[in-house]
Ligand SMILES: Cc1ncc(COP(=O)(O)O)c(C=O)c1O
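A single chain, nothing else alongside it, follows as structure tokens in the form predicted on its own.
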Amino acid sequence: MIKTRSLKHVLCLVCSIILNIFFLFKVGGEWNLSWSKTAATEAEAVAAIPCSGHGRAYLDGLVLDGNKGPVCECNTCYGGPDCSQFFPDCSANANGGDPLFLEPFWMQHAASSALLVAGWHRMSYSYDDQSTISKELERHIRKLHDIVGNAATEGRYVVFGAGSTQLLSAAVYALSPDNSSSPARVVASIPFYPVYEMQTDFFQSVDFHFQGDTSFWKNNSDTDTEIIEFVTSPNNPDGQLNTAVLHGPNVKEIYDHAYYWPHFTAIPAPADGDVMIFTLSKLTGHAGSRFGWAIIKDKDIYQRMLTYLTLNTLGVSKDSQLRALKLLKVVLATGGREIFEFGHETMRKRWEKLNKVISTSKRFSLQKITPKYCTYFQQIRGASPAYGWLKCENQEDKHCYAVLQADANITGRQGSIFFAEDRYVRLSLIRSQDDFDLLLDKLNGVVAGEEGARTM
């Protein structure tokens, strides 16, 4: 009798499951959305706010009294409720590194890149294997590097960080000696990314100190003191494919490959450094997701970096990892072709337009980047850097940043920030199309006003 009742309960449960599955599907096998309908409708409604094409509305944007939805957040030099007002006298923003040039790509791939997350998604600190790293995301990262050919991953370890910024700090910690009477010297080649010095000095560690330009230590005979060299390739700000300057048993390198993607440079060969750092921000453009990864050859260094990251933030947000996975699936769907062709074409055109303007000037010049064979595109590739490294050539123009502000109303990033001369200014080419168009227009104006400027 008990067995009969038990069997009936099992049959009822099975029938219930079958009926639930049946009612959850529409005719034709399509999923009948339930709890996600409201969220999907809200997301599409906000995304549909046009903002005149010169701004965006976001789900987490400010909602003013009387408004049904979030307000438009306007691009530089645009304003008004729908971003339709243009302010021609405002300053062109060529300072920041926001990679908004990829925004149109993701708008074209709205359906495949969209992500709707349940309120109970990944509430634990760790994954099922007790790690803080998504193995599926790691698998996609390794696959992407294999396809692009920009980094060796076989037999290497992978760690995740909150963008490349956190990973740079973790790498310095991991490569520094423990309890040494002589702290490691951290160096980089001018011009270099200022965060290297700022972050190293900020922590005021007894195990490492920033010691400036690599040239000071090139002929140094001291082999007892550890040296950690930041090697940025392509370099920020000038786009050069840098290599290590210092060599020896006491020298260790951290390779910052944030820009080593086909958008910005030819890929001549896979990077093969002991510690290599990459970031989602310059791959897909999602700087706000704060996600990066390091590829590490040595197990002990990997363990030290993992310890640092665990103690510092207890891993990277599961939401960021999920979004990164979704984005990489879109990238990999075409073997990277769609995003890299879009990104490279956009950056190539911007660089060519900038060069065309500056080539007519006797007052300004730009860095030279040699074309190289790209193993990904399988052809010789010209320059498409993330930044223009502009130089003021006139003897009296010692502060190029101030010259551009006064004469062209352009805000760049001054050379001294990168430990170079102030005759240089970094101009960002990766911001929105509005930003780039305004930059180009203002440069055209100042160059056209030169005495003896060459005509195009």
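Residue numbers here begin at 1 and follow the sequence given. Worth saying up front: this structure is predicted, and the values here are computed from it rather than measured.
What follows is about the form predicted together with this ligand, which we do not show.
Contact check for Lys282: a heavy atom falls within 4.5 Å of this ligand in the predicted bound form. A residue is said to contact a partner when one of its heavy atoms sits within 4.5 Å of a partner heavy atom; Gly163 meets this definition for this ligand in the predicted bound form.
At a distance threshold of 4.5 angstroms between non-hydrogen atoms, Asn236 is in contact with this ligand in the predicted bound form.
When contacts are judged by a 4.5 Å heavy atom cut-off, Phe264 does not count as touching this ligand in the predicted bound form.
With the partner removed from view, the residue among Phe364, Phe208, Tyr196, Tyr78 that has a non-hydrogen atom within 4.5 Å of this ligand in the predicted bound form turns out to be Tyr196. For the residues Asn150, Thr200, Thr214, Thr232, the 4.5 Å heavy atom test against this ligand in the predicted bound form is passed only by Thr232. Comment: 250 to 258 is the region of 178 to 186, 121 to 129, 250 to 258, 303 to 311 lying near this ligand in the predicted bound form, near meaning a non-hydrogen atom within 4.5 Å. Within 4.5 angstroms of this ligand in the predicted bound form, the stretch 376 to 393 places a non-hydrogen atom from Tyr387 alone.
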